[in-house]
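Just the one chain here, the form predicted alone, laid out as structure tokens.
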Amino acid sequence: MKLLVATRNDGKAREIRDLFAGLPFELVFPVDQFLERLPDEADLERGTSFAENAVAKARYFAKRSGKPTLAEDSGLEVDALDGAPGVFSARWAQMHGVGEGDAANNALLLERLAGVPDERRGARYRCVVAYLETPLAKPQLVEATCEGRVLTAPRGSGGFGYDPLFFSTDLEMTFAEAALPAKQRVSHRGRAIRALMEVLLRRSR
């Protein structure tokens, strides 16, 4: 089964490829299908929930490619910030006019949590995955989280996004310190993708 994964994020693409390794799916990505980035892609993550964004991306790329499509939306929810940055995780610093990209996002997170004690730095990663067999199909949605807290300084050189600051309760280290297999075992994205895999494999039997 050929499956389009609707992401242009290299870190997410690498993790999703690893999760599907050895399974009867041929993963393709927008760049493989020569789907150039069009201006309207900028509006795909303007929803108010991870589910809304994931479905918007899946439907958009299913229409453009004509292939069964998987899309995910994910982010970091920090308790002391009332769930921020949440759905705005990827462009949080940009929205506040203090730069863009992972380094700027992490710097803003540390600034916003300056002086907040460890016991109030609880956080979780949340991921919603949407699957569409056809552009007009009802989306199959799965959601997963992983719990942890935000450190006062980054640790580790792996991962991407907020991984250097996210201390995983399950692993007792940051996601940036963890080897990929360990991160995949407990991460929000790993859990959500595996849940969707079970659905797709049942359908293919």
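Don't overthink the numbering: it's just position in the shown sequence, from 1. This is a predicted model, so every value here is computed, not measured.
The next section is about a form of this same protein that is not shown, the form predicted together with inosinic acid.
Residue 160 belongs to the set of residues with a heavy atom inside 4.5 Å of inosinic acid in the predicted bound form. In the predicted bound form, inosinic acid stays beyond 4.5 Å of every heavy atom belonging to residue 52. Contact between residue 90 and inosinic acid in the predicted bound form is found at the 4.5 Å heavy atom cutoff. Taking the partner from the other structure, inosinic acid in the predicted bound form has a heavy atom within 4.5 Å of a heavy atom of residue 125. Contacts between stretch 46-85 and inosinic acid, counted in the predicted bound form as any heavy atom lying within 4.5 Å, involve 57, 72, 73, 74, 75, listed in sequence order.
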